[in-house]
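As C-alpha cells, one chain now follows by itself in the form predicted alone.
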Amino acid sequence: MEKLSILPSVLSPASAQADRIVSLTSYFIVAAAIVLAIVIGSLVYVVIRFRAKPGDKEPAQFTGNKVIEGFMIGVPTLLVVVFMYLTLDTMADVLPPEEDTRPDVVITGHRYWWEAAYPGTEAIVANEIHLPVGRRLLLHINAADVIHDWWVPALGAKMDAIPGRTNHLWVTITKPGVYDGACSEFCGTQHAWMRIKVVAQSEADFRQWVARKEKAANPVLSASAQAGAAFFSRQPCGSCHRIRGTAANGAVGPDLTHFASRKTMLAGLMENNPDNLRQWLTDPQHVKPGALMPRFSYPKDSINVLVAYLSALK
C-alpha cells in the first residue's frame, strides 16, 4: 500500500543523505540564532546602559580593548573554519565519486516531464518514479533538451540535468512514502508544472512493480478500446510515443505502455482520468500551454475511442 503524499520539505528528511543535509542546516540555524541573540543583547545593553540623560556631555570613547577585538575577530573566524569543515564533510558523504558503478535509475528531464529508465530491465516510466527503501541507489541525471534540475526535498540534494552531460546523485531512502518534488531550474513556459512524484516502497514491492512495468501492453480491450488502438496505430502518435508490444516506438514523448496505471498526468498537472485525458487530447495547448504535444483536429468520436484505449493501458 502506498502512503499518503508527503509535502515537500527539506526539514522532513527521508534519506540518509537528506539527514546529513538537515543536520548541517540545524548547526547553521543554531549558530545563527546564538549570534543574533548576542547582537540583539549587546544592542539592548548599549541602548539602556549608555542612554543620554539631561546634562550629559559626549560620552568618553574607549579604544584598544584587545579582549573585545580578539573576540570579534576570533569567533567569526572559528565559525567559518568549523562550518567549512562540516560542509566539506557533508558534501563528501552526500555526493561521493561515482566509482564506475552502473546506475540504478537513469533520470531524463524533458520539456516538461521526467522520464525514468531502469537499466537491466525494460521498465520505463514518466513522472511517477518508484524507488526501493533501504538500498543505496545511484541516479544518473541528464536532459533531452534544455537545463532542468531534479529536486525532491525530502530525499536530499538537488542536481542539474544538462543536455549532453550525465550528472549523478546518491540516495538511500529510509522511509516508505510518496515524496513530491519539482524541476528547480527555470526551463520554459511550463516549468511550474514539471513535477516529480517518487514512490518509495519495500524491496519486494519494488521488484514486483518493475516486473509489471517490464511487460508489454496486452490489455483486455473493449470494442471501443480496440477501435482506439486501431486509430492510434494509423495516426502519427507512435512517432513520438512508445507502447511496448505494438508498432509504436517513439522516444520524444512519454512512454504510454502502462499509462492508465499513473495517478496523475502531464507531470502532476491533472488527475489521470478519462475526462481530463479527453480535454488534453482535444486541445493540449489550452490545457498546458507550451507543451510539445501538437493539436490534432480529430472528430469527437475518434478522441473518445482513443481515450478508451489509453485508459485500458494498465
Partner chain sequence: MITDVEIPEPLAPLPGATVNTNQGLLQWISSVDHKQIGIMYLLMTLFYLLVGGLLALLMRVQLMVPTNTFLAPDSYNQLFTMHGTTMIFFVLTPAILGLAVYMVPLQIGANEMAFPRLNAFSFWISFFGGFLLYFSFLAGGAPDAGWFSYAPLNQTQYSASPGIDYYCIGLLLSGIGTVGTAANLVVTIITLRTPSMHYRYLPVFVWMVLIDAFLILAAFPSLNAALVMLLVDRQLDGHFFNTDAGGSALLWQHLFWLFGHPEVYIVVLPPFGVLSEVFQVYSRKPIFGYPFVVGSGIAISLLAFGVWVHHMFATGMGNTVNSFFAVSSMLIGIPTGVKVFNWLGTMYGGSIRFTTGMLFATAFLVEFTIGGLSGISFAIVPIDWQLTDTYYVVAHLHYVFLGGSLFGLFAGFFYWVPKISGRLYSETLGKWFFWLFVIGFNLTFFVQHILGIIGMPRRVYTYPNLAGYSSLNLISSLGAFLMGVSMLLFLYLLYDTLKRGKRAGDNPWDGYTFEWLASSPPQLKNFTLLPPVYSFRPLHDLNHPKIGDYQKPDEEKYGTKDVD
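Rigid core here is just the name for the largest C-alpha set that superposes within 1.5 Å across the two forms. What you are looking at is a predicted structure, and each value in this text was computed from that prediction instead of being measured. Residue numbers count along the first chain shown, from 1.
Beyond the structure shown, there is the form predicted together with its partner chain, which is absent from this document and is the topic of what follows.
> Counting any heavy atom within 4.5 Å as contact, can you tell me which stretch out of 239 to 247, 151 to 159, 124 to 132, 202 to 210 lines its partner chain in the predicted bound form?
Only one stretch qualifies here: 151 to 159.
> Heavy atom within 4.5 Å of its partner chain in the predicted bound form: which of 178, 227, 147, 138 fits that? Just give me the one.
Flagged contact: 147.
> Could you spot which one of 90, 235, 174, 222 gets a heavy atom to within 4.5 Å of its partner chain in the predicted bound form?
When its partner chain is considered in the predicted bound form, the option within 4.5 Å is 90.
> Any of the heavy atoms of residue 35 lying within 4.5 Å of its partner chain in the predicted bound form?
Because a heavy atom of residue 35 falls inside 4.5 Å of its partner chain in the predicted bound form, the answer is yes.
> So in the predicted bound form, does residue 110 come within 4.5 Å of its partner chain, heavy atom to heavy atom?
Answer no; every heavy atom of residue 110 is more than 4.5 Å from its partner chain in the predicted bound form.
> Even though the partner isn't displayed, in the predicted bound form is residue 216 close enough to its partner chain, meaning a heavy atom within 4.5 Å?
No, residue 216 sits far enough from its partner chain in the predicted bound form that none of its heavy atoms falls within 4.5 Å.
> Is residue 10 close enough to its partner chain in the predicted bound form to count, meaning some heavy atom within 4.5 Å?
Yes, residue 10 is a contact residue.
> Sequence order please: the residues of 179 to 193 with a heavy atom within 4.5 Å of its partner chain in the predicted bound form.
Heavy-atom contacts to its partner chain in the predicted bound form: 180, 182, 183, 184, 185, 186, 187, 188, 189, 190, 191, 192, 193.
> Taking the rigid core as the superposition reference, indicate whether the CA of residue 41 shifts 2 angstroms or more between this form and the one not shown.
Residue 41: C-alpha displaced by 2 Å or more between this form and the one not shown.
> Take the rigid core as the frame of reference and indicate whether the C-alpha of residue 29 shifts by 2 Å or more between this form and the one not shown.
No, residue 29 moves less than 2 Å.
> Superposing on the rigid core, does the Cα of residue 251 end up 2 Å or more away between this form and the one not shown?
Residue 251 C-alpha, core-superposed: shift of less than 2 Å.
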